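In the block that follows, a single chain appears as structure tokens, in the form predicted alone.
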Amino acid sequence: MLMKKISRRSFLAAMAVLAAGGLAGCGAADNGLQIIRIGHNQSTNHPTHTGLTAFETYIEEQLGDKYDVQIFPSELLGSQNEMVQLTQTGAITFCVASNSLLETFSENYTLFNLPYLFSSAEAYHASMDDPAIVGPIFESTKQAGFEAVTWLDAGTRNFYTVKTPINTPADLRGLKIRVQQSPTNVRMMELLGGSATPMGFGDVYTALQAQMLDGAENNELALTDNGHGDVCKYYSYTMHQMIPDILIGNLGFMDGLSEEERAIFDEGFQILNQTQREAWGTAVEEAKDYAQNVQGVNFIYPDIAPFQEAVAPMHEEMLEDYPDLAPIYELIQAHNAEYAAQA
């Protein structure tokens, strides 16, 4: 996959933010430390930011005589797509990107975007913790200038809408639903009967409010942390995807680490992963409570079998289009058998 070119507008916008913080240029702070810039699109209340803060603390405890870790939340460095491109160039060191977006940089990520790929949350976690599964996928973007270094839990994706409750796939017909910017998600909506509207996450609230969208699909935290529950009053547990967020690092930076430094960073990535995952479950429960009791969101629990049946052809299509992914797909099926969904 060829490296995508960053737009001049995106680069200048991010550089303006970096320059405002005195960070542009050689990448060194006034105290001589090398700056490690990390961008993500969530608020400072989000488990992702909590995990990144733990990573920052650990790296500076271990290597504080060399590195200054700085975290930029809430799309301060641009949309996820823009931040990925900035990570390619080395303008920033790390960023958090959805697996769906990374599909446009490496076809290997298509696998994790498949609807109903995992039988349960336990199977999802076991698969993402399995080096035989994630290794070939995480390394597949090196030719694009970055590598994946760890995954973050983004829960289960479900549909939520402004006016129309979703109980069956037929309820999606004619609705404009925001999806992540990936061909797989567009195909999913095509099979479910809705009108896919790929859009950067930061633009979704305004589009929902202006009724440019009828709904979106995401986890519960989007309702509260991003205010979508102020507009969308129906949240349907279709559980159609479990898509991880991925922390990616600039390849030049990663390859430039000494063996000892890389070991410390790898431990930091593990701390980030575990801290974020531990915070996730609590955050989901709090978000659901707030959405229901303060925002007035109605939670719906439809029969997911018709949704599974509608998108089932995507599994065969993926295996036909990407036969090299078949062994990894089978490893996931083994975890699915071990951690089957509870009836």
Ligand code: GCU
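For clarity, every value in this text was computed on a predicted model and none was experimentally measured. Start at 1 and count along the sequence shown; that's the residue number.
One more form of this protein should be noted, the form predicted together with the named molecule, which is absent from this view; the next part is about it.
Mapping the unseen interface onto this chain, S182 falls outside it, with no heavy atom inside 4.5 Å of the named molecule in the predicted bound form.
Taking the partner from elsewhere, F253 is found to have every heavy atom lying beyond 4.5 Å of the named molecule in the predicted bound form.
Under a 4.5 angstroms non-hydrogen atom cutoff, the named molecule in the predicted bound form has Q42 among its neighbouring residues. The closest heavy atom approach of Q80 to the named molecule in the predicted bound form falls within 4.5 Å. The partner is not drawn, yet in the predicted bound form one stretch among 212-220, 138-146, 233-241, 103-111 has residues with heavy atoms inside 4.5 Å of the named molecule: 212-220. With respect to the named molecule in the predicted bound form, the three residues T161, K288 and F299 uniformly fall beyond 4.5 angstroms at the level of their nearest heavy atom. The contact with the named molecule in the predicted bound form, taken as any heavy atom within 4.5 Å, belongs to A154 out of I166, L175, L192, A154. This chain is drawn without the named molecule; in the predicted bound form, the residue among T93, S98, T224, N273 with a heavy atom within 4.5 Å of it is S98.
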